[in-house]
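Below you'll find only one chain, the form predicted on its own, shown as structure tokens.
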Amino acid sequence: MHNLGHTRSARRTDHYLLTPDTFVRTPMPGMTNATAVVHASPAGGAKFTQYTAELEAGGAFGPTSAQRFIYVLEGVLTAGECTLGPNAYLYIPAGTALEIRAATKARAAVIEKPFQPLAGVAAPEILSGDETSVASVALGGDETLQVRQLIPEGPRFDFAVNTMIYEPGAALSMVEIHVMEHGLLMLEGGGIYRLGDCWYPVTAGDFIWMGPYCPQWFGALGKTPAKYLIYKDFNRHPLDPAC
């Protein structure tokens, strides 16, 4: 049904919210029987790319020169000897020729970023896991707000990916303002996000990009927990150029 121009999607200088009613699907080079919903890219102000890959059974997408992180939302993917079901994730180092193929109809969140090496620090290797098997940690001691860290700590990695789960009524303890940018995909539940001076209702399926120094805060609403997947650049000096 025509919505007469109404949407929750919004774009500002330091952030934007994209809701599923505004998603546009496009094929990308290396994809077969698959399309992408590109959420964040340099064209929009981000220093990374994030998209949702949607694949038919037997569909695939090829390697990239950038490092790549994949989180399976639905279905089953294979990558070399790895089989990835829902909630499984895979980190692929830059320059690794590894095709991703769908064993069933599938959707996955994909993050790609040029790698920033550090002198004297070994580059990371392929990493896989299951998000539900990762131990959660209470953020700031608040047991109603749990964080699962999917990328190991340390200078080998130049970005972080976490899931965060808020019990109904839980909220960040402060408005955060920092140099890192974020890509955030709402996975479950919903709530209210403050971005800059704007307040947005958000729900599962929404995507948010937050630029450096964008004021940000979230509180969960409803009767079920809110959960999101969140990316940030990390472990590098702000003066170090991206490769």
Ligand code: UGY
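What you are looking at is a predicted structure, and each value in this text was computed from that prediction instead of being measured. Just count from 1 along the sequence shown to find any residue number.
One more form of this protein, predicted together with the ligand, exists but is not displayed; see below.
- Stretch 160-168 is the answer when you ask which of 160-168, 123-131, 101-109, 78-86 has residues with heavy atoms within 4.5 Å of the ligand in the model of the complex.
- Contact here is defined as any heavy atom lying within 4.5 Å of the ligand in the model of the complex, and by that definition not a single one of Y200, D206 and K227 is a contact residue.
- In the model of the complex, the ligand lies farther than 4.5 Å from every heavy atom of E56.
- Although the partner is absent here, Q216 sits close enough that one of its heavy atoms falls within 4.5 Å of the ligand in the model of the complex.
- Although the partner is absent here, Y51 sits far enough away that none of its heavy atoms falls within 4.5 Å of the ligand in the model of the complex.
- Taking non-hydrogen atoms only, H182 approaches the ligand to within 4.5 angstroms in the model of the complex.
- Among the residues A94, V72, L172, I151, the one placing a heavy atom within 4.5 Å of the ligand in the model of the complex is L172.
- Heavy atoms closer than or equal to 4.5 Å to the ligand in the model of the complex belong, across 174-191, to the residues E176, H178, H182, ordered by sequence position.
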